[in-house]
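Presented below, as structure tokens, is a lone chain in the form predicted alone.
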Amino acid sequence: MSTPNGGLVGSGLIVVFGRGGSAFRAVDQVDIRVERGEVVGLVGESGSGKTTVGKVLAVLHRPTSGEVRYDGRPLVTSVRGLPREVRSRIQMIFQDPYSSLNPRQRAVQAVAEVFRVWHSRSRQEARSAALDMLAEVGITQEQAFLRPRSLSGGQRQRVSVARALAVEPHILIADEPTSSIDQSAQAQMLALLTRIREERGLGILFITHDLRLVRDFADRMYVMRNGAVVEAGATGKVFRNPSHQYTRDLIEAIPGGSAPASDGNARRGS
């Protein structure tokens, strides 16, 4: 697989948990790529292996076998072994924003910490940059000085996005970023991700169990079942003419299970 624009590629990924008779193959020979400027959906039911694939691509979990490459270069299997520049290029947003934030830190402190560690900003410079970044993702100055418990689920997820963006990534891996927020906040989150993709040229791997969101958001998609990819292609093509029965069943189970607005192109949000 080629990666012409600073892309991220996983080839032949296998992840096995346990040993001997209790061994479980959570990921089974998965090939996947995400290029800058595109949104790629990775969809499957709970336990399909999609989150594990995301963690492998983010170099947060070591594959049993297979290879991950970024911008054509193989990545080592430990974050500590990665050059600082490479570590900054791939960032992950986790499903539960509350658990990914320090409950004792105010939102502005959580983001300012990133600017101090990654960009060597002074305390004052980091605080100013953090407020600007939080404003970019829709967090008001008043909200910026609240702790996670005082923010809504959607607001906490926006803070998580701000922290990830502060590192200046090229690839964003979003693991079920809308599953813990209500439908209105989901739409706002998709609009936010669409906007930052367009403004920053990010590649986004959007991991979800919800095909409806993939239909409206992703350029390309992968469907996983039991650790393996059973279908892949442009989103519009997959929705119009799925080749695997499992994909057909998933599409038929959602309201209006049909193609997105244009073949292989995500709908543009505001």
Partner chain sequence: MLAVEDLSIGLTVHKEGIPVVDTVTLGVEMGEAVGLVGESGSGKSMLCRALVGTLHRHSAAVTGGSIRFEGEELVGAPESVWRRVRGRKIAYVPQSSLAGLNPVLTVGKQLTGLIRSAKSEIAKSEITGGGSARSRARDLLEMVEIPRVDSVMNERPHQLSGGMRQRVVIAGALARSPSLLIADEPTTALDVRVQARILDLLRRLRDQLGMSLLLVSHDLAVVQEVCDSIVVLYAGAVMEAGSQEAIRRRSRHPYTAGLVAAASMDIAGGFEPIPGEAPSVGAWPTGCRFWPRCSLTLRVGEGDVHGRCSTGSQPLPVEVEGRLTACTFASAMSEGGGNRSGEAGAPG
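Numbering follows the first chain given and starts at 1. None of these values were measured; they are calculated from a predicted model. Between two forms, the rigid core is the largest collection of C-alphas that superpose within 1.5 Å.
This protein has a second form, the form predicted together with the partner chain, left out of what is shown; the following refers to that one.
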{"property": "231, 28, 216, 38 - the one with a heavy atom within 4.5 Å of the partner chain in the model of the complex", "result": "216"}
{"property": "Partner-contacting position among 62, 237, 209, 244 - heavy atom within 4.5 Å of the partner chain in the model of the complex", "result": "209"}
{"property": "Segment assignment from 173-181, 67-75, 159-167, 120-128: heavy atom within 4.5 Å of the partner chain in the model of the complex", "result": "173-181"}
{"property": "Complete contact of 47, 153 and 190 with the partner chain in the model of the complex (any heavy atom, 4.5 Å)", "result": "yes"}
{"property": "In the model of the complex, residue 105 touching the partner chain (heavy atom, 4.5 Å)", "result": "no"}
{"property": "4.5 Å heavy atom contact, residue 142 and the partner chain in the model of the complex", "result": "yes"}
{"property": "Contact of residue 95 with the partner chain in the model of the complex (heavy atom, 4.5 Å)", "result": "yes"}
{"property": "Non-hydrogen atom contact residue 88 with the partner chain in the model of the complex at 4.5 angstroms", "result": "no"}
{"property": "C-alpha of residue 144 moved at least 2 Å between the shown form and the other one on rigid core", "result": "yes"}
{"property": "Core-aligned C-alpha movement of residue 177 between the shown form and the other one, 2 Å or more", "result": "no"}
